[in-house]
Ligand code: GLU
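First, one chain by itself: the form predicted alone, in structure tokens.
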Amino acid sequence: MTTRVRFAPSPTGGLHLGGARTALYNFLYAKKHNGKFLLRIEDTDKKNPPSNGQTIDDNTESIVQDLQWLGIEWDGEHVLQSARHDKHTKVADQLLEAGKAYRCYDSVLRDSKDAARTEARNRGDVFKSPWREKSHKDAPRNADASSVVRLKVPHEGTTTLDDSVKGTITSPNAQIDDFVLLRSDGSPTYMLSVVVDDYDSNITHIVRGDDHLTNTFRQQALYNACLSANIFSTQQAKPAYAHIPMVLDEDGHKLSKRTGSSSIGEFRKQGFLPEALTNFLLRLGWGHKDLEIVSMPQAIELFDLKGLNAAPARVSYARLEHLNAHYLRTLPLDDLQARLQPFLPASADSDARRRFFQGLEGLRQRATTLQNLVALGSFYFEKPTLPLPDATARKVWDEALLNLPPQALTRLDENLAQTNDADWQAHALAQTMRQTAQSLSLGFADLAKPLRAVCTGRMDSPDISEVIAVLGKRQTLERLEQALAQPQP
């Protein structure tokens, strides 16, 4: 039997960390077992617009693009659940004919919500419709009468679920209410559509968040009704389940697709790498010994549902930055340059871009994201303004003017100016700075720190001799001399 799994997001928002992790686990499980990974967009509820201000189509496109960016590729074309409306309603009609479902006239859906069931829940009760045992002959005769179609869930017995993560779980059927299959306008609900689609797609394993656990017992009741009515075949095995724990934010609260800080698109805009993000998602609830850095091929080889943790995973954004920094340092430079292109200032000319890329090796040792990397190298694109905006750099420069011998920085400027263009290399420049400091009975840092301050405008740049080697002689002397020409503090 070929393993077939699916990721079925709702386009009520973009792709967030929890959803992306579910997609990743399904993808890895399919690849591990040489199976198929399917993508289905569950867009059955079109009356309630997405809360993020986007359209369903926009959110669908965003989800598709984010999955592709993460390297989570599905087999075949992605499917819109709404395109299978006729098949879903056909199954509901078949259940009605078989006496496994009934029309309910007392509890028409309001605003796409099962209001009657919600009201019963608020009372601590299970909804019981007065129409459950009535015949269609008893239906209201007025033209305005409308109904929903509910599943006739058995009130007796229990349903047992063998879950790969949570173990064996049993729930009394009496706790499952007669949920809606078709709304009053005839449109199918999620609960109906998901069961029919999973069956028709021959899904063998359903790996999803444990917030769906209650739904699973309802869906089992529907599945059994379809079997009993000969709509589903007993020759096709029921899917196995794995309900993975929720992803919590740093404060221990449930992540939401409406939260910008958990959006894959937002991480993408900030300059996180897909390799780092998938590594991070993988480790949010799964582990293999003490392995921390895991490539996609490694993950496919090692992933197993048995390695999933039963406890919720808590996000650590510091950990994500640490992983991203690792991947930034290890990417081939030409690959890194290509990924940086969208983050470069639009005003940067070819010389500025050349300088930035020339100094990339030193910059990436300190960076956490692509956006951060560009910010760290901003001095390659434009000279720092005077007086220096950065308080730490400004303090270093001001203290150098006050505490160093009057001729110290001027002497450094003169010696750098005498350096031949051919010798304008990091090692030679470091030697010039060192000799200048020794001639003034100063330490190397006494001159290197203020030079760093005025050439970069910050104190967290790469080695200053490497920086000025990349900046070039003209730019370096221009920045130093302009600073020396400013009024002293």
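Only a predicted model underlies this, so the values are computations on that prediction, with no experimental measurement involved. Residues carry their position along the shown sequence, with the first being 1.
This next part talks about the form predicted together with this ligand, which is not shown.
The three residues 398, 452 and 480 each lack any heavy atom within 4.5 Å of this ligand in the predicted complex.
The contact with this ligand in the predicted complex, taken as any heavy atom within 4.5 Å, belongs to 194 out of 328, 95, 393, 194. Between this ligand and the residues 218, 152, 364, 208, the one pair within 4.5 Å by heavy atoms in the predicted complex involves 208. This ligand in the predicted complex is approached by residue 8, whose closest heavy atom lies within 4.5 angstroms of it. For the chain shown alone, residue 446 is not a contact residue for this ligand in the predicted complex, no non-hydrogen atom being within 4.5 angstroms. Among residues of the shown chain, residue 85 is not one whose heavy atoms approach this ligand to within 4.5 Å in the predicted complex.
In the predicted complex, at least one heavy atom of residue 42 sits within 4.5 Å of a heavy atom of this ligand. In summary, the region of this chain contacting this ligand in the predicted complex, judged by heavy atoms within 4.5 Å and restricted to 222-230, 284-292, 186-194, 313-321, corresponds to 186-194.
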